[in-house]
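This document opens with one chain alone, in structure tokens, the form predicted alone.
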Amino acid sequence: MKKTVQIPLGSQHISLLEPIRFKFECENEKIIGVDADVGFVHRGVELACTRKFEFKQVGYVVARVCGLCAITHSLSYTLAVEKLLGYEANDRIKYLRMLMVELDRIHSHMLCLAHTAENAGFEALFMQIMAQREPVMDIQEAISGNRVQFDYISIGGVNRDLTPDLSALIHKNLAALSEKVDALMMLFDTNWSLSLKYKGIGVLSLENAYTYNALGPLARAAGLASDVRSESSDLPYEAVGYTMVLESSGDIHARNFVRLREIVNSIAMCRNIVDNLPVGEIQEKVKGKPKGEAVVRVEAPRGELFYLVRGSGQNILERVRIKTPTFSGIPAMMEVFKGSQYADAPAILASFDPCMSCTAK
């Protein structure tokens, strides 16, 4: 006999420590309907950027939107303001900005893989991946002075340069990490409990990826070639070895491998940046006040990050609008849950790598 029940997941749940609630309609153990509520937290960041802070300060404010991709937020805002001011950074500044963005991607993907292991019952592997993530955090701290809120990017440049000692540290830590990522890839590809049993689970088809406008690793795991790094001219990714990573099955296993392979590509790009860093100043004077409207898209670890900035030639901006990748991906996430077993919901959720705290801005 079939029985229909309503089951909440979030906002206080061991597998979802984020301000969102999914409500599942289940027929016995099968999820047949999904609803989502994202309205638990509102921090007023956008309003504060147009009321409390001058445009030169806002880049440091929006870096607080998300602790995992703070650099990507500050970069997106800074690029938008620089467009309004008619300024384009030199190649050295662009390379240093790319370096920090890709380091952000590495440690964020590793955090997701650690939670994936945790949800599969591999507590020891969770701790191991988190320990392997630490050298990346050490690099970011050595470059910027902070481990989380880096405050590294500013209008007209970056706040610190690379020294020979820093370059040596980057090569040392990334070389060690590269070997560990190779071992992780083998483990995720051969261990039944960790990854193989999730083949065919939580599938997002290529058609639904298009229909629901999926982005980031969620889209690329389904075969949808969606990556701002391949489209934008704001940063010279092709010059440092960027390659788009695609899988085709669209399941949890595919999302794991998109992130693992992107870590490998990001490590290679970081090495190339350090070895081929152009000559130039790290900070250039930018005159004027923002006037007009600019839109910038940057590929954050979870997908496209969208910034709209509008100014009227004053120190205080008229509008700052932020659209984060997790918010954009919620329709696709809801679709993936449908037809899945409720017991698989935590593993599916971990494979999305949601960051709702930055959505509630």
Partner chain sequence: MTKIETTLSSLLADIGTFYDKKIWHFLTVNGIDLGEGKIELQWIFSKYGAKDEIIIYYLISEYETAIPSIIGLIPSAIMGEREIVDMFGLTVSGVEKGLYLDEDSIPHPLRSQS
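Residue numbers count along the first chain shown, from 1. Remember, it's a predicted structure, so these values are computed and weren't measured experimentally.
Absent from the display: the form predicted together with its partner chain. The rest refers to it.
A.B. asks: Looking at the partner-bound form in the predicted bound form, is Asn276 within 4.5 Å of its partner chain by any heavy atom?
C.D. replies: Because no heavy atom of Asn276 falls inside 4.5 Å of its partner chain in the predicted bound form, the answer is no.
A.B. asks: Is Ala214 part of the interface with its partner chain in the predicted bound form - any heavy atom within 4.5 Å?
C.D. replies: Yes, Ala214 sits close enough to its partner chain in the predicted bound form that at least one of its heavy atoms falls within 4.5 Å.
A.B. asks: At 4.5 Å between heavy atoms, is Gly33 in contact with its partner chain in the predicted bound form?
C.D. replies: Gly33 lies outside the contact set for its partner chain.
A.B. asks: If you check in the predicted bound form, is Ser226 within 4.5 Å of its partner chain, heavy atoms only?
C.D. replies: Yes - in the predicted bound form, heavy atoms of Ser226 and its partner chain come within 4.5 Å of each other.
A.B. asks: Which of these stretches, 155-163, 87-95, 181-189, 205-213, has heavy atoms within 4.5 Å of its partner chain in the predicted bound form?
C.D. replies: Careful reading of the contacts points to 205-213.
A.B. asks: Checking a candidate spot here: are Gly241, Thr243 and Glu281 all in contact with its partner chain in the predicted bound form (at least one heavy atom each within 4.5 Å)?
C.D. replies: No.
A.B. asks: Only counting heavy atoms and a 4.5 Å limit, does any residue of 287-307 reach its partner chain in the predicted bound form, and if so which ones?
C.D. replies: Going through 287-307 in order - heavy atoms within 4.5 Å of its partner chain in the predicted bound form - the hits are Glu293, Val295, Arg297, Glu304, Phe306.
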